[in-house]
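So this first bit is one chain, no partners, the form predicted alone, shown in structure tokens.
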């Protein structure tokens, strides 16, 4: 566990980097990469609260992501309602959904829990695919509205999206840091490592799993709202797909599940490789970009199950011994 001083110094350096980089490098593709890095780091950190801290591996977070995306886009599209209100509604709906879903699924353990979260997410995807109010499988396009902060629409620059996501990234990182050092964080680790022992000591493991699930769902829904407003088109096959859930988990696995900086390290490598390999190699028609990503993840997981954070710690230990 990092000390407050270490966290502050590293976090400050990361914030400065993300603040300055898009101002120095004006390339549109690079700015898009920075936005995707912030988005998926925040998403993975939100998942890390339930999957890494509490040890409950969920493959259903696309459900909350999609709820957030539709909550911001649909009222704007149908009624002209500012998406900021939609974001708040999406976060609240996701929290309610987490309570409803969590009640039955937390009665399951291990791979049964994983399968159940995936199954629920697929049910939600089918519901949205058959919901006429959101145009079913066709999805929704953002309406042509006046650009500005009220509608969170910007047609000539990506910087407002970048700095809005940077603020949200900072909030989620701070929450994760405080939670890791709180009594709740200790309960999460106890539930992850020795659930029977934690229960014997009086910890209501179902209740604290539910707490982690609710907080994670809220942050994931806000990310979904920002993503929908950024890409300007959403549909069930994109924002409610299993691909979203798997990518969130892979980022955490690659960086280091349960570690504070794992999501950022994992997203930096995976999202950068995905974006640039898609540009450089995706046109070959042979799926080389996917092969590179898969090979990297397999090598990391086999050589160091704790991810990149584990590799850094191993290198630091060897350096101290030397």
Partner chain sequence: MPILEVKNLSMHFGELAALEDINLAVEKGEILGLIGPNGAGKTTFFNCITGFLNATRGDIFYKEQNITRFGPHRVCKLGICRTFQIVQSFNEMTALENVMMGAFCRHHLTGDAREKAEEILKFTGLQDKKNQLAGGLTLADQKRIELARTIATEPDVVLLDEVMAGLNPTETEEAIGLIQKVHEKGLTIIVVEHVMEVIMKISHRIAVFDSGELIVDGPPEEVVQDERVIKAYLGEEYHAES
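Remember, predicted model here, so these are calculated numbers, not experimental data. Positions refer to the first chain, counted from 1.
Just so it is clear, the following notes concern the form predicted together with its partner chain, a form of the same protein that is not shown.
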query: Touches its partner chain in the model of the complex: residue 186 (any heavy atom, 4.5 Å); finding: yes
query: Residue 194, heavy atom within 4.5 angstroms of its partner chain in the model of the complex; finding: yes
query: Close approach of residue 200 to its partner chain in the model of the complex, 4.5 Å, heavy atom; finding: yes
query: 4.5 Å heavy atom contact, residue 181 and its partner chain in the model of the complex; finding: yes
query: The single option of 134, 229, 190, 87 touching its partner chain in the model of the complex, heavy atom within 4.5 Å; finding: 190
query: Interface residue in the model of the complex among 82, 204, 238, 147, criterion: non-hydrogen atom within 4.5 angstroms of its partner chain; finding: 204
